[in-house]
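Take a look at the structure tokens below, where one protein chain is shown in two forms, each on its own, as structure 1 and structure 2.
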Structure 1
């Protein structure tokens, strides 16, 4: 037995025999906003994101179709709007470097920060959320939580290999105090509050 083993064994043998559970952490949701969607929109726009209002009638996806109408390369991981670049054909992350618009669905959103959580199950290839020039996110309004305390209790953090919060487009203001969007990632992030498609019974 080495001296290291002796030290570790001594520490284990002399640990205090007391039960010290972690203190309860409140959810800080005593005064939620009247509308989670309205609060999400306000905070998203405050962080440089774009909120796409649903049309009053007709095609609910018209704001998305208008944005991608002149794009050369559109990669979509959502069934609602097809793209012309198949995410399944990407053999390496750099294969997505020429994507103009990426369309993904968020696992959920956070009213407090205007953030969306992108999970590997929705992205397919994680780099899609960073290499594309512009990111369009579909978010079910019923999937918006009050704050980060609720967010970290979501099951998405227990499953999968990757999850990241996105709050507006990539930005930096370190250089001479000038705000630059798209410095390390997408140049714009737009969110359309669109409910998930209803699942068939028994599906």
Structure 2
């Protein structure tokens, strides 16, 4: 018998003969926050993320440009802001090890936790979001869902091979509970609430 057959046979022999139906799962969305964006912002900040306020007038990408102004290597996968490192030219994830700032668009965000979902279709190279020193994410405010129950109904989980919720930057407090940002991955995560294709290139 193969190990597979062995294990399945053992489970069949041992599984408790009790009736345990699968319960229906509610969406728990009866009391949504007044503003999904405001709730998203508050929760993102609690988790150590940086919320970039959209300028009321003028260049909507100004907060992003200010952040990357002094950076040596910027790798962007969004049309709104060009970088100086072409992700298509990266033959291996290791080629992105020197990236200072990475820019990507989130598939969607979650108000409950301040999370953004980064999907392999937007990342190009998954490791970009972890090897870069800093990460800037563009999030369309209309792409914010109320909670995780709504999040897992999204189609992003049915296609593609990789998707990750980022909720703030890489963090640890493994030594005496002292909080550190930039444990192994990005040292900061900033989110700009910019609608998709709302801004002409070079804005």
Partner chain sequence: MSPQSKPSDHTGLLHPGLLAPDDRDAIYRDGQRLDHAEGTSRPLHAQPEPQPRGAKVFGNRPIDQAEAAARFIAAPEHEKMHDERLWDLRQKRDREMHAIPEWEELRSLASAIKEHTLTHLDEYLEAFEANAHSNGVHVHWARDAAEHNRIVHGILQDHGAKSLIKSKSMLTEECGFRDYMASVGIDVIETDLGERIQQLDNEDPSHVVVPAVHKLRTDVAQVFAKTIGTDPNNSDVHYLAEAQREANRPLVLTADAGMTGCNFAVAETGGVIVCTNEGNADLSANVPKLHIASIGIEKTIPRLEHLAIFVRLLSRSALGSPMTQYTSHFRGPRAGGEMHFVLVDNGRSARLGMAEFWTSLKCIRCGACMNTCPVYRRSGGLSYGATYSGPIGLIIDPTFNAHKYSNLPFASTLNGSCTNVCPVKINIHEQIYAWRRELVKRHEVPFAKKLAMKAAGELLSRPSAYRAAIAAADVALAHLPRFAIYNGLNAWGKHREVPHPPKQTFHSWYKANRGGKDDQPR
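From a predicted model like this one, the values you see are computed outputs, not experimental measurements. Think of the rigid core as the biggest set of C-alphas that the two forms share within 1.5 Å after superposition. Positions refer to the first chain, counted from 1.
**Student:** If only one of the two is the form predicted alone, which is it?
**Tutor:** Structure 1 is the matching one, since it is the form predicted alone.
**Student:** Is residue 13 one of the residues whose C-alpha moves 2 Å or more between the two structures after the core fit?
**Tutor:** Passes the 2 Å threshold, so yes.
**Student:** Compare the position of the CA of residue 22 between the two structures after a rigid core fit and state whether the shift reaches 2 Å.
**Tutor:** Yes, the C-alpha moves 2 Å or more.
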